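For reference, the chain that follows is the form predicted alone, supplied as C-alpha cells.
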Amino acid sequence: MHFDNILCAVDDGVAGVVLNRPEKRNAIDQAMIDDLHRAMDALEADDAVRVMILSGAGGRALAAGADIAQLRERRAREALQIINARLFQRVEDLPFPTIAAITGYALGGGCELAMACDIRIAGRSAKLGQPEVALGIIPAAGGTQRLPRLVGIGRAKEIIYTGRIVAADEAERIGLVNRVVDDDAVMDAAQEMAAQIAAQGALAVRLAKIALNTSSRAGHQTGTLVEQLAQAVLFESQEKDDRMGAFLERQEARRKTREQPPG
C-alpha cells in the first residue's frame, strides 16, 4: 500500500502504520487524515490483520499535534464536521486491537490519537499533553472524553485546564500509558505485545474489544449485556471448540508423561 504521508505494511498478522512527516514532527494535517482513512479501509478488509501498531517516523514524535496553520483557518462549519474526531473514533472502533508506540511528543491531536488506541507503550522521552487551551480551543477530537476514562476526571481537568505536558514516568503512574521502556526498546515492546495478542483467539479478542468499549462508553449494565451476548456467540464458535480441544489434548499428553514409569 502506497501513501504520501504514512507508511503501512502487514507482516504475520501485525499491521504497522507509521505517521511519516518527520520534518513536521508528524503533525496531523488533512492529507494525513485522508491517508489514514484509506489505510484503515484496506486493513479492515484484510482478514489476516490481528493487531495494529501505530508509530511516528523520526523518533521525535508520534505526532506533535494537528497542523496549526490548517486549524487557524477552520470555522464552526469545519468543527461540526468533526474531521479529526471522526478519524480517531474510527481508530477506537477498529475490529482489532491497536497499540500506540510513542517516542517524543504526543501532543494535542497526537495525544488524542494515542488515546484512541487500545494500548500505549511509551519511551522515556515521551511527552504527552493537551495544550489546546493555550491556542484558544479545547481538545475536541475526543480528548475531553477519553482522558478522564484513563486518568480520572480530576487529573483530566488539571491536565486540560493547564495545558501542561506530562512526562513518560508520570503518564505511566496515572494510567495515561500502559508501559514505559527505553526509547530504543519501544518498537520491540510493541511487537512483543502485538505477537501475544495475535496468538490469541481472533474472534474472542474482537468481541472482548467490543464489550470493553461498550462498557467504557455506555456503562456497566449495557456492557454486561454485550459481554453475555459475546460469550454466547463464542461458545458456538469453531475456534472455541478447536482451542479447547487442543488444550485438553496437551493436558492429557502431560498427564501420560508424568505417569510413565522411570526408565
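Bear in mind that the values here come from a model prediction, so they are computed numbers and not experimental data. The first residue of the sequence shown is number 1, and the count goes up from there.
Unshown form predicted together with coenzyme A (COA); subsequent notes refer to it.
Listed residues P95, P131, G152, G175 were compared with coenzyme A (COA) in the predicted bound form; P131 is the one with a heavy atom within 4.5 Å. Comment: coenzyme A (COA) is not present in this chain, but in the predicted bound form one of M32, A66, L54, V51 has a heavy atom within 4.5 Å of it, namely A66.
Contact with coenzyme A (COA) in the predicted bound form, judged as any non-hydrogen atom within 4.5 angstroms, is confined among 251 to 259, 5 to 13, 237 to 245, 21 to 29 to 21 to 29.
Interface membership of V180, defined by any non-hydrogen atom within 4.5 Å of coenzyme A (COA) in the predicted bound form, is ruled out. Under a 4.5 angstroms non-hydrogen atom cutoff, coenzyme A (COA) in the predicted bound form has G108 among its neighbouring residues. Within this chain, A167 is remote from the site of coenzyme A (COA) in the predicted bound form, having no heavy atom within 4.5 Å.
Mapping the unseen interface onto this chain, L135 counts among the residues with a heavy atom inside 4.5 Å of coenzyme A (COA) in the predicted bound form.
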